[in-house]
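To begin, one chain is listed below as C-alpha cells, in the form predicted on its own.
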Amino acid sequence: MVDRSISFIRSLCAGEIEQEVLFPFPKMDPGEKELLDPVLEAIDDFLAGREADFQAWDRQGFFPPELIEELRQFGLFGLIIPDSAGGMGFGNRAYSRTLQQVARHDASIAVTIGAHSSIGMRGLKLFGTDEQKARYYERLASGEMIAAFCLTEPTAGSDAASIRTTAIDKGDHFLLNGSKIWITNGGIADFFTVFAKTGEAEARSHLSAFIVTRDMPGVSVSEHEDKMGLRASSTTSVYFEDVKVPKENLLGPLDGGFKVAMNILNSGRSGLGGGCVGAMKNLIHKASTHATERQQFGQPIGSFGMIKGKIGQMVVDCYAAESAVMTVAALSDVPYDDYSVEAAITKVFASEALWRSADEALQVAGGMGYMRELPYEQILRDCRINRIFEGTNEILRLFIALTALNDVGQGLREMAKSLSGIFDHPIKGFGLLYDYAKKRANWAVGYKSAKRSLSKCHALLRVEAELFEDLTRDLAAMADRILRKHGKNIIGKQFATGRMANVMIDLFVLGCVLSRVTSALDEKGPDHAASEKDIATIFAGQVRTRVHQHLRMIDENDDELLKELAVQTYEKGYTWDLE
C-alpha cells in the first residue's frame, strides 16, 4: 500500500523517486465516469454554437440573468456537492474534467462555476460542520445560493498576514468590519467565505474563516468591475460594516483561517487547471482548422514548418498540462496528506502553457486573429488572469522551492548538530555524516537504487526514464548547492529559488507524462500510442534542455547586474534616450 503521507516532489528534492505515487496513471472510477460522460455531452449541447452570445456578453461586460438561471437549471453549481444534498457528488477528477469541457466554450462561464465550487463553497465542504452543511448544501447545489471566496484586500494580496478586515468576539456573535476586492461572483453571490483577523497580532495565526450571507445587515457590494478579460463574469468589491456573524458561522477552528484558506486553494486548483486544459484544446482545434484552411503561396499555411512547430508545441503543452492536472486531482481524491506543492505546480504550468498557446494560436491566425471578429483576442484577454489569481505564479514558485529547500535544510541542520556534538555522540554523529557523504557520492556517480529508479515506466520509455533519474540527481544536488551557497539568506535569493522551482515543475510534469504514456502503451499497444510516445520524447528533451540551463546558472548568471539595473531605474527611470 502506498504511503499517503509522501509528497512525490518533496521526496524528489532529496533524490528519491517515489514512483508509486504517480504509477499507474490514475483512472476515473467507472461509476463516476458513467455519470460524467452524459454531463460532458450535455454541456456541449448546451454551449455549442453560442460564440456570438459569448462575444456579446464580453462586450457588454456581464451575463444576462437568463444565463445564470440556465446554469442553475443545468445543475452546474452542484458538481461537488453530495447527491444526498441534490448535487452530483463529483470528485476532483470528474469536477476538473467538467470545467475543462465548459472552458472549451467560454472562460467567463467556467470561472463563474469554478469560483463557486473550487473556492467559494470549498471551505464548507472541507471544514464545515454537519449542521453547516445541512443548512447550506441544498441551496448551494441548486444555485439558489451562489458562493464567493473573500480573501484579497487592497493591502493584502499574496501577503495574507496583512489582512485588515476584523471579526471581534462579542460573546454571542463576531462583529465583522472591512472590505474585500476583486471578488469573483461578488455581484451574484449570496454565500461568502470570508477571512478576517480575530486577534490583535499581525501574525497569520490570528486569521479565521467565516460563512457570511448577503442577507446579513451590513453586507454590500460595489458595481461590477471593468476588467481586461473574463468580462462577463461578475467581479466586485464586498463590504462588511458592523456585520453580526453568528458564532455557529465560524468555518474551521478559531485562528485557523490561514490553514483553511491554503487547503481551499490547494483542493480547488484542479478546477483552474481543468479550465486551462479546456481552453488549450479549444485553441488547438481553432488553430489547426485555420492552418489547414488558410492558403498562402499556393498551399495551406499548415504545411509550413514554423506553423507545424507551433501547433505541435501546443499539443505537447496541453498533453503535459492535462497529465499533471489529472494526477493532482487524483491525489486529492485519494486523498494524500500533502499535495500542496504538486497542486501549486499544476497551477503554474497549466496557466503558463495556456498563455503560450493563446499567443501562438493568435499568431497562426495572423492579422485575422488580431481582429475582434474572431475569438482569439478575447481568449488571450480571458486567460491572462490565470497567472495572477489563486496565488500569483511568482509567489507559488517561491512556495514550491522554499518548501523543498526547507526539507533539505532540516537534514543539513541535523548533520550540523551531529558535527557540533560529534565527540559526545560519536556513533550518531558519524552515522549522519556517513549517510550524507554517501548520498553526495551517489549523486556524483549516478548510483541507482529502488528509490532512485523509475522502473515502472514502459520499456519503450527507458531512455526518457533514465533521463528522469539523471535529472532527479541533478535536482537533489542543486538543492544542496543552493543551500550551501546562500544558507539562511536563501529566502531573499529569488533568482535561485525561481530556477529550482522551474526544475521541480518540469520534473513533476515529466513524471506525470511518463506515467500517462506508460498506461497508453500498455493499453493501446505501441502502434496506437505512437503519437503519445512522441510527446513523451519531445517533452523529455525540452525538460533536459531547460534543467541543464538552470543548473549552469546557479553560479554563472547576471542576477546582480539585473537587480542593480532595476534599482537604478527606480531612482532615475530609463536614462538612455537617444537625442
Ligand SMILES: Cc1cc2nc3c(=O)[nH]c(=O)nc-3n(C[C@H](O)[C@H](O)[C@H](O)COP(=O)(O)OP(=O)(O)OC[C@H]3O[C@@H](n4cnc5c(N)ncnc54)[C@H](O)[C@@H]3O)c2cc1C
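We number the residues from 1 along the sequence you see. In this text, all values refer to a predicted model and were calculated from it rather than measured experimentally.
Omitted here: the form predicted together with this ligand. The next part is about that form.
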Note: exactly one of 92, 357, 184, 472 sits with a heavy atom within 4.5 Å of this ligand in the model of the complex, namely 184
Could you spot which one of 210, 77, 149, 339 gets a heavy atom to within 4.5 Å of this ligand in the model of the complex? 149
I'd like to know if residue 389 sits close to this ligand in the model of the complex, meaning any non-hydrogen atom pair within 4.5 angstroms. yes
State yes or no: in the model of the complex, is some non-hydrogen atom of residue 494 no more than 4.5 angstroms from a non-hydrogen atom of this ligand? yes
Is residue 166 part of the interface with this ligand in the model of the complex - any heavy atom within 4.5 Å? no
Any of the heavy atoms of residue 162 lying within 4.5 Å of this ligand in the model of the complex? no
Using a 4.5 Å heavy atom cut-off, which of 122-130, 68-76, 269-277, 381-389 contacts this ligand in the model of the complex? 381-389
Does each of 15, 407 and 548 have at least one heavy atom within 4.5 Å of this ligand in the model of the complex? no
Restricting to 512-528, the residues within 4.5 Å of this ligand in the model of the complex through any heavy atom are none
